[in-house]
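Take a look at this single chain, the form predicted on its own, given in structure tokens.
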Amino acid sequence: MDLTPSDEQRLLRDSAERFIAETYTTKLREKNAAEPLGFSAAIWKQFADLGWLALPIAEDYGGLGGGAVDVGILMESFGKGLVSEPYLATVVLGAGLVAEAGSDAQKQELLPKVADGSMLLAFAHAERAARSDLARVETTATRSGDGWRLDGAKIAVLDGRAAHRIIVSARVKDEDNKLALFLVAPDAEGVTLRDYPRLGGGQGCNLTLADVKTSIDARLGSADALPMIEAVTDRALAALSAEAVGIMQTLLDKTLDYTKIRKQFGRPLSSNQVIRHRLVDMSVACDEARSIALRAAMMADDGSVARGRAASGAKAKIGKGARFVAEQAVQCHGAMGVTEELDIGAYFKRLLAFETLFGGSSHHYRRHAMLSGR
């Protein structure tokens, strides 16, 4: 199997890394954290101008027709800069669900707007009782006249406050509790959002739906939505894994640089054999993570159980390796590693957030074993 990046992929990596290195400073991250929505609208527009928002969207709907590997290249660069813009929520999850479940008319209406940056989406699926079980949904949808009525509560909605439309999963009472997806306006009557800053940057919110009425065409398609939710979630896991690789590599690079200039007893820390062993172990963890993240991306469009195994395997393995790299980076920096003066702590927090998104390592170890027939 040839794993060599194409010329287009190399250009994408080079341009993304250059943009992130020049744009995402500590000062910018602090400024974004103070923004009402947790990110910069101006930079989001630049993402659109660069074609990044259109990257995985089909050409028929104003996109570039890229795949999960292309998104992974971009997400790894995002990890290096701790990007807080809602790329995962809008492009990977939101646009991915519209592409999977929506009618052609819905795709024609929504996807070009995502590609040009004028439409932000969010996905509200997780519930308190679900505990990472994608099939466990208690929110209900009932036919009401010429529309739908939604009732329920969702948690951990990524960038829900910024979204123009929130895609809500619900059980349809009149169709044997079939799982379906509905487009809901965040300012609709009966919708309550309780937003909060996410660990490591960005925002999340909890969503309550109390007798929320939507039009009949607010439903995305008519088929059972669970297989589509699983497919898009696996793509999100691949994208998050690539982002974690970028964070891990940055922590390794910063730690290498620091141990070369920090002297103890008149010698650089990097001359200490114990420190060298730690740095080697961190490097090995980064290389392992990069390989398994690439495998998850390459399998992301596979319709078999291999896709789920690859996604869960990456999430579990990288979750463990990321924690190790982050802890070693903090320890090698000594007390400086947890101060505001350095951004090591910010990268550490983002990796802690990665561990919890879409289920922790223990959940994905179990899912990987189940999909492997063990």
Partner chain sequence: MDLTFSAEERAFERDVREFIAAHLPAETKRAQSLTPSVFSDPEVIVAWQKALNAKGWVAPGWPTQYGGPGWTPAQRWIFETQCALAGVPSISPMGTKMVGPVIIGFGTDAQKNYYLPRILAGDDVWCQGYSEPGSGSDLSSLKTRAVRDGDHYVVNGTKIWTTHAHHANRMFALVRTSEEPRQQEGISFILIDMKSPGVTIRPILTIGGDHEVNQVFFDDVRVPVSDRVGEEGKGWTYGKYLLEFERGGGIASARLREALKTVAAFADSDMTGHAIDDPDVSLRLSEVEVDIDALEMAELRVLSAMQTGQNPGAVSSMLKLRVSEIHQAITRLGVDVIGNDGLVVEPMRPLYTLNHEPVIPEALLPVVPKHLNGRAYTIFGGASEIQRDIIGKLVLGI
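Keep in mind that this is a model prediction, so the values were computed, not measured. Numbering follows the first chain given and starts at 1.
Below, we turn to the form predicted in complex with the partner chain, even though it does not appear here.
Peer 1: With the distance limit set at 4.5 angstroms and only heavy atoms considered, check whether 128, 278 and 352 all reach the partner chain in the predicted complex.
Peer 2: Affirmative, all three are within 4.5 Å.
Peer 1: Let me know the one among 197, 303, 145, 227 whose heavy atoms come within 4.5 Å of the partner chain in the predicted complex, would you?
Peer 2: Spelling it out, the residue with a heavy atom inside the cut-off is 197.
Peer 1: Choose from 344-352, 305-313, 62-70, 40-48 the stretch whose residues reach within 4.5 Å of the partner chain in the predicted complex, heavy atoms counted.
Peer 2: Answer to the contact question: 344-352.
Peer 1: Is residue 330 close enough to the partner chain in the predicted complex to count, meaning some heavy atom within 4.5 Å?
Peer 2: Contact check for residue 330: yes, within 4.5 Å of the partner chain in the predicted complex.
Peer 1: Would residue 30 show up as a contact with the partner chain in the predicted complex if we use heavy atoms at 4.5 Å?
Peer 2: No - in the predicted complex, heavy atoms of residue 30 and the partner chain never come within 4.5 Å of each other.
Peer 1: Is residue 357 close enough to touch the partner chain in the predicted complex, meaning at least one heavy atom pair within 4.5 Å?
Peer 2: Because a heavy atom of residue 357 falls inside 4.5 Å of the partner chain in the predicted complex, the answer is yes.
Peer 1: Just checking whether residue 36 would be counted as a contact of the partner chain in the predicted complex - the rule being heavy atoms within 4.5 angstroms.
Peer 2: No, no contact at 4.5 Å.
Peer 1: Going by the partner chain in the predicted complex, which residues of 322-339 come within 4.5 Å of it through any heavy atom?
Peer 2: 323, 327, 330, 331, 334, 335, 336, 337, 338, 339, in sequence order.
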